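Laid out below as C-alpha cells are two forms of one and the same protein chain, each shown alone and named structure 1 and structure 2.
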Structure 1
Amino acid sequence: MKIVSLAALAAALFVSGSLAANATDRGGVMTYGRYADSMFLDPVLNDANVDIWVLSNIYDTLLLPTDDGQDVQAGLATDWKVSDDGMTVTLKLRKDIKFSDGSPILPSDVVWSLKRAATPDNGIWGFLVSAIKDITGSDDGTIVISLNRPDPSIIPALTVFNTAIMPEKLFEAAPGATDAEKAKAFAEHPVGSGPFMFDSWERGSTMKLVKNPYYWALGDDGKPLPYLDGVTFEVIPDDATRILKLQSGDLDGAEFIPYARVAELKTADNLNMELFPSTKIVYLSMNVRPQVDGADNPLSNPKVRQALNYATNKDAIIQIVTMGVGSPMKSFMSSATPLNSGTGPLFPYDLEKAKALMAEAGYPDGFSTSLLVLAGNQDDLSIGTAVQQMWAAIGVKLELKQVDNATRTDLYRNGHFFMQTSTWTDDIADPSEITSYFAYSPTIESQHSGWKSDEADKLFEQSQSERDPAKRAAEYARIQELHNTDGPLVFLYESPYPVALNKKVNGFIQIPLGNNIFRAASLTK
C-alpha cells in the first residue's frame, strides 16, 4: 500500500471554490428548518444524524472532509503524514487557534480529546480510532499518534465528528463523576472551535448558534469566517408545514424535502431546489431476534427476509417516493462508498419467488408484523404504504406505526421493534464505518437488529489492519456478500439530499457525508 504524505495547500486559508462562490455579504442570521431536533451535542457519545449533522458547525477536527466527501483537507492541523511502516501519524497544529470562549487550543487538548474518542466502550464510534495506541503533543504544535496496528482508514478517521477537539479543562470541570455524566452536562452548553458557537436551545423547537469570533478560516474577503452572524434551527417535523414556512420566507432553508415536491419547488421564483450528491441509502431495518417483546418473530427466518425483499418492487417505490431520482441499492453500502462491490440491484422484484420462499419458511399464508414510520414524514409514509400493499400479495399484514423521531430512536436502540424505515449516510470516506455499524455484531449488534455472522465479524477485524488494497477489497466484498444475502435489511434505494434554499442564500452545501456546512454561507442583502 502506498503510504500517504499530504500537506495543506494553505495553512492560514480554508475556503474551497464552491463554498466561496458569491459569499460576499456579511451579517444576518440564517434560519434553517429541520425535520427533527438534536438530542445530544457531545461528539463522542452520540449516534444519530440529527446530532452529527450539526456538530461540525460547533466543533472542529484536525482534518476536514473535502466538499466531495472523498478526501481530506486541512482543519486544525495544517500538515499530516503517515510513517512508512504505517504505525505513526504526525500532524502539525495551526498557530494561535482558539476555542469559541477565547481560550487557546493546546496540544494537551488534542491529546485528551483523541484519547477520549479512542477509549474502549466510550461511545459506539470508537472503532474508527481503535488503532490509536498513544498520542503525544509538544509545545511547538506537533502531534504524534502511535498506532497499535497499521490502519488504512486512520487519516479519514481524523475528519469524523467523534475526533473533534474539545477543551479538556472545561469538560473535566463539568459536574459528574463519570465521563458520560460530564458529557451530558457539558453538552447542555458546548464549547468547541467550529465556525459557530452554541447560544441557546429550546428543546423540540429552536436551537440558536452564533458566530465564533475566534474561528481560524478566512473568507474570500480576507476576513475570518463565517459570514453569517448566526444560524437558527427551527424544528418542524411536518414536511408540508416546513415547506409552507420556506415559501412564505419564514425559513431561509429546509432539509428533507419530499421528492414529490421537488419539481414544484424547482419552479418557485424565490427558491433554489438543490439535490446534493450523497452517500444516502434508504432501507427497512429488521429485528431478526427469535422473539420481540415476548412475541415470536418471523423475521428471524432468513427465507422470510429474502421473501420480503423479492416482494418489494424497488423500481415502483423509487418512482412513487423519489419521482425517479433514486436508484436501487446494489449493496448495503452506497455506490459512492469506497470498496462497494455491488454489480446490480439486489433482489429484483419476483413475486412468485417470494411466495415460494414464504412457503419454504413455513408461512404459506403469511403473518402479521409492524413497521415504525416517522410521523409527518411524507417519504416514510409513502414507503410504508407501498410495502404494505406489496406484501399483502404474499399474505403479510403490515401495521404502520407512526411515531416521532425520539420515540422511534428509543424503540430501535432497545430492540422493541419489528421493522423501521431507516436512512444512512457515511461520515467517512472509507467502508469501515458503515460495515462496523451494519455487519460487525460487536459494535451495536448489526444496527440493533441482532444479526450476527462469525465470518463477517472475523473478516472485518482483519480488514482493519490490512494494508494490501486488493486483499482489503476482497474482505469487504465477502462481507457484503454475506450481509446482502440474508442480512437484516429490505433494500430500497440510494438518493441525493433534497434541500430547498431561499435564493438569497449563497454558499451553503450539504456534502455527500451528510454534514450541513454553514461555514461559508451568506445572505444576499
Structure 2
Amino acid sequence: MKIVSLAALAAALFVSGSLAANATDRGGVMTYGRYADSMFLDPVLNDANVDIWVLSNIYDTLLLPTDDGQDVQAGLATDWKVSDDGMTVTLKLRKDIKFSDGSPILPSDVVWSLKRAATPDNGIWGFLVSAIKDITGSDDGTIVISLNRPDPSIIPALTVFNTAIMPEKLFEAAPGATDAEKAKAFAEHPVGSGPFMFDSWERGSTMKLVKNPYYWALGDDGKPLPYLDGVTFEVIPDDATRILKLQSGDLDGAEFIPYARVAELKTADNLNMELFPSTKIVYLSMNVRPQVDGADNPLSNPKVRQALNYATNKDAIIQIVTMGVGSPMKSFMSSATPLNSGTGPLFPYDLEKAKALMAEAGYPDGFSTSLLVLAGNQDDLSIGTAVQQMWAAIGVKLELKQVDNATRTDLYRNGHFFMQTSTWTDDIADPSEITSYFAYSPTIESQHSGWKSDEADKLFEQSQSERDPAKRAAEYARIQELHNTDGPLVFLYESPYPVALNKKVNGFIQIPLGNNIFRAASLTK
C-alpha cells in the first residue's frame, strides 16, 4: 500500500513537473533596453526604424509575417485570396475582434486604415500599397481590395506596419484639422489591437506597454496571448551602460550589443546571447557617374568596380568589424530576402584578378578616391581603415572623410561623393522594395549612384505585375545577376541582430525585418 501511494505520488509529481515544463509561465513585465527612443507612433506617417521596429506590438495588421520573415500568416484576417486575374484580394476578418479599448474592429475601420495608408503623399510608405485602387468592406467581415494592376507583393504588404488597422472614430476624434495634426495627437496615446496597449511614455527614458486584454491569439495554455503583463522599454544610448544594466538584472533584454562584446556575453551564466537572422546588409555604395564635382571618376568603369570588389577581403572585414558574426553577401539582397538567387559569396578575395582588372581598365598604377564614413561610428571607421589598407595593394589611395549623418546624407543625395558606407534592412518580406531602391533607376537612381541598366529597369517593371511566381523568380534572378556583376556596390557582409536576453526570457524574437515581437515572450518564474 505504501509503495503504491509512493508510486502515485511520483506519478503525480512527474505529471505536474512535465506540466510546468510545457505550459508557459504567465505574468511579469519584461524590461527591454533600447539604444534610442521611438519618435512618432503613427504607422503611416512615421519614418524611422526606432518606430517601425516596435509598432507591431501596439498595432495589428490583417496578416502577420512568419517568424522567419519569409512568409505570411493569419492576423486580423483569417483567410485571404488573390483572384485569378490578380486584380482583387478578398479577405475574411476574424470574428469578435476588438481594439484595446474594447470597441469592436469594424470592416469600416479596415477600409479607412488601408485607404489612409494608400493615399499618395501620405507619409513615405505609400509605394508599398500603390497598387490599391479601392477597398470595400461588408458587415459579414469580408474585405475586398481591388487593384489597378496585378501586384505580386500585395499579400506581404498587408503585414507591413503602414497597413495596420487603426480605430477610425478615435483617430478622427483627435484634435487637429488635418490628418497630420490628428496623427500627432493620436500618436501621443495610440490605440490599436496589437498584443500590447500603450500605457505611458517618458520621452527619452521609458515607454510602458501593458497587456491588451482583447488580443485574439491564444497561447499554448489555451488562454489569450500575450503571456506577459507588460513590456517596458528603457532608453539607454550608451552600449556599455545598457550591458551593465542587463548584467545587474535591471533589464531582461538589450538590443544592439556591440559585436566586440558578443563572445563575452555568450559565456555569461545568466544570459542568452542571441544572433537573430536579419535582412541587414552592409556595403559601400559607389558613385558611378563619369564625373564627380568636375573631376573624372574612375568608379564609372565597371572593371574598376569589380577590381575593388576582388581586392576587398570580406572574410577579414567580417573578422575585424563583426568579430566573425557576419557572413559574406551572395547577392545585393540579403539571404533572408525572398527570391535571393545568390549561390556563393560574391567576388571572393583575389588580388591578382583585381590587379589584372585595374590594368585592363587603364589604371595599372591605381588612382585616388574618397569614402564618406560616419564620424564617431566605430564600425564605419574599421571598415574604412580596412579597405584603405586592402586597396593600397592595387594602388588605390583612399581618403576617409568623416562627417556626421546629416552632412553625409546631404552630400550623398546630391551626388557629391565617390563612395560611402551604407546599410539597408528590408521592411517587407518581398524582394520588390530593395530592388526598386537598388536596381530600378527611376526610384532613386539606384541608391543615388547613377547606375542604370535598361534591362534591369524593364525586368523590374515586368516583375511588378507578374502573376506567375516562377517567371517572377526568373526576372529577379536576372536583375540580381546584372546588378551583382557590375553594379554600384562593394559587397561587405550580412549581419544578424545581436540581442542579449536574460535566461528567464523565452519566446522573444526579432524577425529578419527588424520587428521586435513580444507577443509570445514570457518570463520563467
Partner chain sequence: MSLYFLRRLLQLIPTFAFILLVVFVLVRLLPGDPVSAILGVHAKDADVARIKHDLGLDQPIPVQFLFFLKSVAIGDLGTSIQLKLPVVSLIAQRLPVTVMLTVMAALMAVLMAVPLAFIAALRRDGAADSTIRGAFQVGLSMPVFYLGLILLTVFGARLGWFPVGGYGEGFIDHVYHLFLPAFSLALSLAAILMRNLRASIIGVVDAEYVVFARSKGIAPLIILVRHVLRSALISTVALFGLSVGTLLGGAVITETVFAIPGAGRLMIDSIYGRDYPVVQGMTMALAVVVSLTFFLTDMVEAWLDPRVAR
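Residue positions are counted from 1 along structure 1's sequence. The term rigid core refers to the maximal set of C-alpha atoms that superpose within 1.5 Å between the two forms. Computed from a prediction, not measured in an experiment: that's the story for all the values here.
Structure identified as the form predicted alone: Only structure 1 fits here, because that chain is the form predicted alone.
Core-superposed comparison between structure 1 and structure 2, residue 482 Cα displacement 2 Å or beyond: Superposed on the core, residue 482 moves its C-alpha 2 Å or more between structure 1 and structure 2.
Post core alignment: residue 232 C-alpha displaced by 2 Å or more between structure 1 and structure 2: No, the C-alpha position differs by under 2 Å between structure 1 and structure 2.
Flag for residue 305, CA shift 2 Å or larger between structure 1 and structure 2 after aligning core: Yes: residue 305 shifts by at least 2 Å between structure 1 and structure 2.
Value in Å for the CA shift of residue 405 between structure 1 and structure 2, taken after the core is superposed: That residue's C-alpha sits 9.4 Å away in the other form.
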